[in-house]
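As structure tokens, one chain now follows by itself in the form predicted alone.
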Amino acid sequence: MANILVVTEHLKGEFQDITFEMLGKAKEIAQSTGGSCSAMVFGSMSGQTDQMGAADTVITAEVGDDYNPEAYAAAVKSVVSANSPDLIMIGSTSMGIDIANPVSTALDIPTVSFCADIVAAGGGFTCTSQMYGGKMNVVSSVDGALISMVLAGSFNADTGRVSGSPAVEASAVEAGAGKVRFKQLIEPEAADVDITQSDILVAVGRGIGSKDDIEVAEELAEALEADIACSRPIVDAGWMSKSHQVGKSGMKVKPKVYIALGISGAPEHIEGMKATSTIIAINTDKNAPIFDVAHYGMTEDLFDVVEELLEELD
């Protein structure tokens, strides 16, 4: 019997997709073992418990709406101590990193990071973690209680996006007088392009080689009446602006066609584009994770392929 606690995430009054991904998986594990599934919500999100229909119980923590890592971690620690769940599911996100580590250390509960799959096994759990940008899977078996940090995009969010009326319990936790104070949320300036509205995207990754070579992808995008996008390394290198980035720390897109040029397909990138109707991947590395989600793929030099495509389009 596995009793599971899901630590939810929200931003600007909305639960994030990772919340529903974890809820769906938690419900699946709980049902298979005869256990229960609980969801922990923070601040005024307690007024939206009707979205937590996949959970048997919702535990509320009055620690404010504005995310405070110190207060949220203390609240989770208190709830875990009081309820002793067998499995605590936390997103492998910036918020999750803030919370999981102090809770793990304080309560001496092992943590498995980058979890792409979790199954109940015997008296514990077996987790499959994706390492090195998804090129290696590591299987970890833990007996007893466990904190799993779940990679966003690993599970179907729709399975956890269920309406209902779960039981609601208020935790005794209140925002304490910690050292961390929320000052303000700084949002990026309006972008020159909204790739979330594009029907066709031509996206480039490190395999493009250099900033000057992006021009080849731009020519293809122009010929297809598409927009140009990229993976995070391109933005980190300063070759393209953040408004073009696809992935966990960029934009989530759902075009009709997504052409990935020289993109390896790290889990963080796939999270942002996996809902695309048709994914076409071009990468010389036949083991690139992008081919796991691509509908069509070629292990050819991207410049040769793009050149032939441009000739055909002309």
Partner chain sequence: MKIVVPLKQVPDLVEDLEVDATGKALDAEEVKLKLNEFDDQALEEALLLKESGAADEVVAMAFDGEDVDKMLFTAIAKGANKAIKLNGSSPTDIHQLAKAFANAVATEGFDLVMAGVQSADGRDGHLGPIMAEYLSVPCISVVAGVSVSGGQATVQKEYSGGMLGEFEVDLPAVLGIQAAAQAPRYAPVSKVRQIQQTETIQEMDAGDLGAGAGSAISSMAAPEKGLGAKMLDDVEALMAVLKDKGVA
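Positions refer to the first chain, counted from 1. What you see is a predicted model; the values in this text were computed from it and never measured.
One more form of this protein exists, namely the form predicted in complex with its partner chain; it is left out here, but the text below deals with it.
Counting any heavy atom within 4.5 Å as contact, can you tell me which stretch out of 163 to 171, 82 to 90, 208 to 216, 99 to 107 lines its partner chain in the model of the complex? Stretch 99 to 107 is the one.
Non-hydrogen atom contact E268 with its partner chain in the model of the complex at 4.5 angstroms: Judged by the heavy-atom cut-off of 4.5 Å, E268 is in contact with its partner chain in the model of the complex.
Taking 4.5 angstroms as the cut-off for heavy atoms, does N287 touch its partner chain in the model of the complex? Result yes; N287 sits at the interface with its partner chain in the model of the complex.
May I ask you to check whether N68 falls inside a 4.5 Å heavy atom distance of its partner chain in the model of the complex? It does: once its partner chain is placed as it appears in the model of the complex, N68 has a heavy atom within 4.5 Å of it.
So, A121 and its partner chain: in the model of the complex, are they within 4.5 Å at any heavy atom pair? Judged by the heavy-atom cut-off of 4.5 Å, A121 is well away from its partner chain in the model of the complex.
Using the arrangement in the model of the complex, list in sequence order the residues of 10 to 39 with any heavy atom within 4.5 angstroms of its partner chain. Read in sequence order, the residues that approach its partner chain (within 4.5 Å, in the model of the complex) are L11, K12, Q16.
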